[in-house]
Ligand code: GLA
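Next up is one chain by itself, shown in structure tokens, the form predicted alone.
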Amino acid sequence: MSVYKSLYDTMPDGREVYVYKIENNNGVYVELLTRGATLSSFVCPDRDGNMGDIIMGFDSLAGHLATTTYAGQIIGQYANRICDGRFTLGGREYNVTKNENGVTCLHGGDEYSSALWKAIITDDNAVEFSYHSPDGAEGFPGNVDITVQYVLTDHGELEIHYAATSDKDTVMNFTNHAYFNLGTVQSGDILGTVLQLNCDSFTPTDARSIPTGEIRPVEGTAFDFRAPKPIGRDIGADDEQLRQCKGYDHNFCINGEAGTLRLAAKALDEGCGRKLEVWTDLPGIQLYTGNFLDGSETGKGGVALQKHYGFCLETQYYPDTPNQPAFPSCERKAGETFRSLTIFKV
């Protein structure tokens, strides 16, 4: 196992961005950027031993700075959406950044995803990123100190350990917004990728992609991934949920007890044989199928990033949880530590 650090590029204001490469003893490696604590590459073999990068992303810092996709970035303080950019906590209403159509808070704004994180090598297979968010940033209460540790094992597991504390009662919901393409982005869209979700239900949304509060069984719907099926099999079904999102962009409720590490998803590219498993201790997972990619951004190798060229499996608390009392709570008391673990296994 080995970890390498090198200068990646320089921000427009002169600050330096570094890249950390963690490589295991089997040649599998990840690359991580200090800008956004970004997972920028995950290189692993196909069934014939050919190495390929399964992360949709960019070859340059300019691409990372220009994108609006949050590709590979750590997002927070609240991943996913908060209705009308407001919530009540402890009897007080908080108004947070409305960065989606001027009405919705999406991924907590751009603070965590665009920040330059500090990073240290903590082992021969681990890098820890840290960031301080000041009280009131993007409207969220509390001075928040967060660490995100990436650990790569010889078994092809990329562990992402989250730990965060605040000096005020607040809400916390962090995730990594990686887009996967198991055939690599050069192979085209991901509609043929076979996906299985360990989820008996999902949370339908309104036209603004805000949960209605319903927890709906997947049985008999296009959202039933309990048995493996290609992502594209039902993506064009006559379903209002799919029409309004132009595909899948929904939270699925993971079976089993939240707080317990369990299998949430499996994916397979039958063409090349690469596989992905997602394990987490969080209650939900967002399946997003790159519905709003439109070819206007150029990804790795000069590939125009078209619709459905990547899929996301974002482990999380359910969207709009602060306004949905029936959903699992993401509130944390002052001094209480948020901890979570997600594993991407190839």
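As the structure is a prediction and not an experimental result, all values here were calculated from the model. The numbering used is simple: start at 1 and walk along the sequence shown.
The discussion below concerns the form predicted together with alpha-D-galactopyranose, not included here.
Practice task
Kindly confirm or deny that R81, L106 and E314 each have some heavy atom within 4.5 angstroms of alpha-D-galactopyranose in the predicted bound form.
Solution key: Yes, the whole trio is in contact, each within 4.5 Å by some heavy atom.
Practice task
Taking 4.5 Å between heavy atoms as the contact cutoff, choose which of N50, T68, N26, S296 touches alpha-D-galactopyranose in the predicted bound form.
Solution key: For this set of options, the contacting one is T68.
Handout entry: in the predicted bound form, the residue from F252, Y150, Y162, Y179 that sits within 4.5 Å of alpha-D-galactopyranose by heavy atoms
Key = Partner contact (heavy atom, 4.5 Å) among the options: Y179.
Exercise for the section: Could you tell me which of 52-60, 285-293, 36-44, 298-306 sits within 4.5 Å of alpha-D-galactopyranose in the predicted bound form, going by non-hydrogen atoms? Expected result: Among the listed stretches, the partner-contacting one is 285-293.
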